[in-house]
Every structure is written in C-alpha cells, then in structure tokens.
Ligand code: FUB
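Take a look at this single chain in structure tokens; it is the form predicted alone.
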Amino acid sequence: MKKAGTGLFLSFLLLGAGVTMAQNPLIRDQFTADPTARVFEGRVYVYPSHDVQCGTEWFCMKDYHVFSSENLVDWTDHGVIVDQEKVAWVDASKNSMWAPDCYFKDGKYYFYFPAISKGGEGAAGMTVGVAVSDRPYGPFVPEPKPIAGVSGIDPNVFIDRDGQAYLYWAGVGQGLLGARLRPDMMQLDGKPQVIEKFPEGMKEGPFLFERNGIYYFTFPHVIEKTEALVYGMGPGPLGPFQYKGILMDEHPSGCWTNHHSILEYRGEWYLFYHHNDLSPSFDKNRSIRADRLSFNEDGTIRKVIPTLRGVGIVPADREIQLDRYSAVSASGASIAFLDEKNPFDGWKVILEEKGAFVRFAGVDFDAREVKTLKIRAKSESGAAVALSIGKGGPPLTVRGTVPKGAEWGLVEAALPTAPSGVRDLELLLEDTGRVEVDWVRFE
C-alpha cells in the first residue's frame, strides 16, 4: 500500500461469490408481500403474505412466515407460523392465504388471515380466520372455524385507547368494512359498517392507526392503472373520515398491487409496503419494503417517495450494498442483477462514465474500530475508483485501480485513520472505463 494524494491505492485479490444483503427489499431469500408491521416485546415484527410460484399467472400463497428485527437492518425469519394444510376450514387447493395482520391483547397474540373456505367459490368464498399464540413468532394454533359474518380479504385490527377492538376488511363487492370485536378478539360485536366517503374505484387492504387523537384510515386504491396508497382522517375508529389524498403514488414500474402498514418505532414513523423488485417481469411475486413517513403540522401525511436505501443504520463491518443507494449520478450509473436467472443473489452497481457515482447514507462506524476497506468488484476494461467517507466527521477518500479482468475480486486497503460516527459513503468512477461493484465492507 502507498499513499497517493489524499487517498490510498488498493490491492486486488481474487475471490468467489458471497452472500449479499440489501435494504429494500427487506427480505432477500423469498418473495414476501402485504406487510403488517407491529412492535412486540421491543422488536418490530412483520407479518407478510408469502408469494410462491405455482406455474400460474395468478397469486399463489400457501403459508405465512413472520420476520423480526431490532435495528430494521438484520431480519430474523421465524419460519412458517400458519400453513393452509393445517387449517381445518381452508380449501388448500386455492392457495389463497392473502394479506394478514397480528395484534396483542391480554397475553395472547391473535393472527388474522384470509383464505377461501371449503365449499367457497372463487374470491366470493374468501373469509377471515384467527390463529392464537403465546408468543409473537408462534407457534400459532388456528381456530377450527373462520369469523362469522366476515366475507372478504385483508383483515386489519385496531384496539382503541378505551380497549375496544375493531376489525377492518375489504368486502367482496361491498367496499371497505369495519366492525367492533368482542373481548375474545374472535367474534364480531355487531353489524359491519361500510366505511364511506372515499373515491369510487378499486379499494382494498385497509389499515387504521391513531396519532395525536386523529384516526387515519389508509388503503390501496386504483386511481389510474395500478394501486396508489391513499388515506382519510377522522375523529374515531369508524369515522366519518375525510379523504385527504395520496400518501404513495402508483408504482411507475407497473407493479399492479401495493399493500401497506404504518408503524411508530423508537420515535420514528415508517411505511411498510411491497413492490416487485425481485420479479420485475411478474408482479405476482413481490417483496416487502420500508421507508420513513412524516406528517405536516396539521396532521396530514407527507407523500412517501419509495427508495432503494430504505431504513436502518448499517454497521460498517457488514457487506454494504451500494446498489441500494441513497443518491445516484444523473448518468453513467445503473444497477442490475448479479445473476438474471437467480434474482435472490441480489444486485450490483455499474459505473461506466467518468464522474458517475452512487451514494449510500447511514453507515455506523461506532460499533467497532475498523482498519481495512474491502470492495468486491470487477472491471473488464480496468477502472480507477474512489470511495469517499463523508458527512459527520473528517472526510476520507480511498483511491485505487480495479485491474482488467472478467472475474470478481477483492479490493483492499488499510485506512489511515478509523472513521467514527454515522457517515455517508460515495463511490466514484474517476476515469473512463466500466466497473461493477457488488459490496463494500470495513474490517
């Protein structure tokens, strides 16, 4: 290693492919959709539906997993918590275990899920069941029958400050519905009420939350071609709600569905939703995401712009996926799958124009003192790159050359000083050429 200007030249070692992680989507080893996020026992638990491939052109969902995280970066898969083959009333041939929810009350966790019941025909046979557990990650024991009086999909539960529980769902041909629940959390307490005063058109996936005495009724709604996320505000759990507009626009990629939940965790608000990141040509295989959400002074929701960076502060000693960037140059920078045939391998950054860059915000250097930078990269032309560590401390730039070659290799350098604090990274292509980067890491 030798100093050159303000940076360091890097060595290059060959190595094989490794396992990668990403920010958005949150889960990278399977398809996930319709995320309901809850805070239980000081952790965030996400209860999504589980898209699988069945050789059809429609949604195929056979079971449910649950995932949890304390830092919104490292997600634990607790495995299958409910399987259609083990629910007595479900017609397992329909593969229709769609968007779920989970809520805690009086020492029990109640998991709500829709499915087509035995003897039901098509979507009209959809109803909602409950499974119960002593722990947020199961095991959950399904009730032998679905909830009487509920015909529809996308259950959502809310418990008000007075302890009264409510169930919301999308009724087949009936719009969005809500009803009180009895104390046992498994029976309706009265007739369902249609949640009205919203625009005409396709609506599903209701999610209600309360903030500062205002009740927010949110849901996916087809405005033009695909689903946007919209909301209304009201004085109580059943409204009336005044429509306020869009909180997330339709996906420009054409992914037809979106489905979401909204969560406050450690003083921050988050929107969990889904997209088809890992299946761009088939939008029935989706992946869950999260981005920050904020409010205006009058309580209205500021529109959320989807990001690849997502949420959570990433420890510097992890494989940092620059392809989940916070910012990118206007030209010369792009991302692509590492392997088009296996999207679960993740993505890579491609820089192919002098001055092209990607920026990744929120890297924590305080967890441990790091001394070495490593970059997994390759360049068939050879390329000079610079990695800058900025914002939040003295700037540091490491320069080097990725040698010409077709194989992935490891670029290494000793850091002259150990960065501290939460910092931003920026990778820049310094000359003509083309370079592909899988990840960076500090050790």
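Bear in mind that the values here come from a model prediction, so they are computed numbers and not experimental data. Position 1 is the first residue in the sequence shown; the rest follow in order.
Missing here is the form predicted together with the named molecule; even so, the following discussion is about that form.
J.: Assess the spot marked by 324, 360 and 440: is the named molecule within 4.5 Å of a heavy atom from every one of these residues in the predicted bound form?
T.: Verified in the predicted bound form; spot residues all out of contact, no.
J.: Taking 4.5 Å between heavy atoms as the contact cutoff, choose which of 349, 116, 99, 288 touches the named molecule in the predicted bound form.
T.: Flagged contact: 99.
J.: Pick from 375, 37, 61, 66: which residue has any heavy atom within 4.5 angstroms of the named molecule in the predicted bound form?
T.: Of the candidates 375, 37, 61, 66, 61 is the one lying within 4.5 Å of the named molecule in the predicted bound form.
J.: Residue 364 versus the named molecule, in the predicted bound form: is there a non-hydrogen atom within 4.5 Å?
T.: Close contact is absent here: in the predicted bound form, residue 364 is far from the named molecule, nothing within 4.5 Å, heavy atoms only.
J.: For residue 151, is any heavy atom within 4.5 Å of the named molecule in the predicted bound form, or not?
T.: Residue 151: no contact with the named molecule in the predicted bound form.
J.: Answer yes if any heavy atom of residue 84 is within 4.5 Å of a heavy atom of the named molecule in the predicted bound form; otherwise answer no.
T.: Residue 84: no, not in contact with the named molecule in the predicted bound form.
J.: Does residue 133 reach the named molecule in the predicted bound form if we count a contact as any heavy atom within 4.5 Å?
T.: Contact with the named molecule, no.
J.: Out of 305-313, 141-149, 253-261, 104-112, where are the residues with a heavy atom within 4.5 Å of the named molecule in the predicted bound form?
T.: Single hit among the candidates: 253-261.
J.: Could you list which residues of 398-437 come within 4.5 Å of the named molecule in the predicted bound form, counting heavy atoms only?
T.: Counting only heavy atoms within 4.5 Å of the named molecule in the predicted bound form, no residue of 398-437 makes contact.
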